[in-house]
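Starting off, we have a lone chain in the form predicted alone, written out as structure tokens.
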């Protein structure tokens, strides 16, 4: 499994085998069962997760008591409540396994030491955060620019692995509508 992480780092920064072995010691491997929470709203967020296998989601419970999914993470993706993680604050989100998963986790205090000892990892994380920010910007654009139906079709056309892999009620939650409305959209497309 560590080869997955090593290949991911290599996309953004050069790290030799000896350095990678030392870098890996800053991380813990965790196995997570489906529906298990890695983060709970109100708890201090101290951990960032890299998905080796499986799928995680980040969500909050809105004022009506409905879960609103804001983000998914599959293999080779990072997930945390970045604001709470960076500032050691109580989180306003949950992070939960959508499938049985295996993740590398790093605590924020450990990450600070990692970055101090291996400055090349600053470069790596800079690229990771830039990509995450860009993805967030595009999601906001789609929320405002596309109809709900267009947003679903865009997701289905550009990220079919999500639509096939993730339960439909979670896709609906991510897109901001009910599972029933998603069923209507899917039925229209089939006819």
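Numbering follows the first chain given and starts at 1. In this text, all values refer to a predicted model and were calculated from it rather than measured experimentally.
What follows is about the form predicted together with another copy of the chain, which we do not show.
If you check another copy of the chain in the predicted bound form, you find no heavy atom from any of 37, 47 and 118 within 4.5 Å. Although the partner is absent here, residue 87 is a contact residue: one of its heavy atoms lies within 4.5 angstroms of another copy of the chain in the predicted bound form. Remark: residue 107 does not count among the residues lining another copy of the chain in the predicted bound form, judged by a heavy atom distance of 4.5 Å or less. For the chain shown alone, residue 30 is not a contact residue for another copy of the chain in the predicted bound form, no non-hydrogen atom being within 4.5 angstroms. At least one heavy atom of residue 92 is located within 4.5 Å of another copy of the chain in the predicted bound form. This chain is displayed alone, yet in the predicted bound form one of 165, 131, 43, 53 has a heavy atom within 4.5 Å of another copy of the chain; that residue is 131. The partner is not shown here, but in the predicted bound form the stretch 57 to 94 reaches within 4.5 angstroms of another copy of the chain through a heavy atom at 58, 60, 62, 63, 68, 69, 70, 71, 80, 81, 82, 83, 86, 87, 92, 93.
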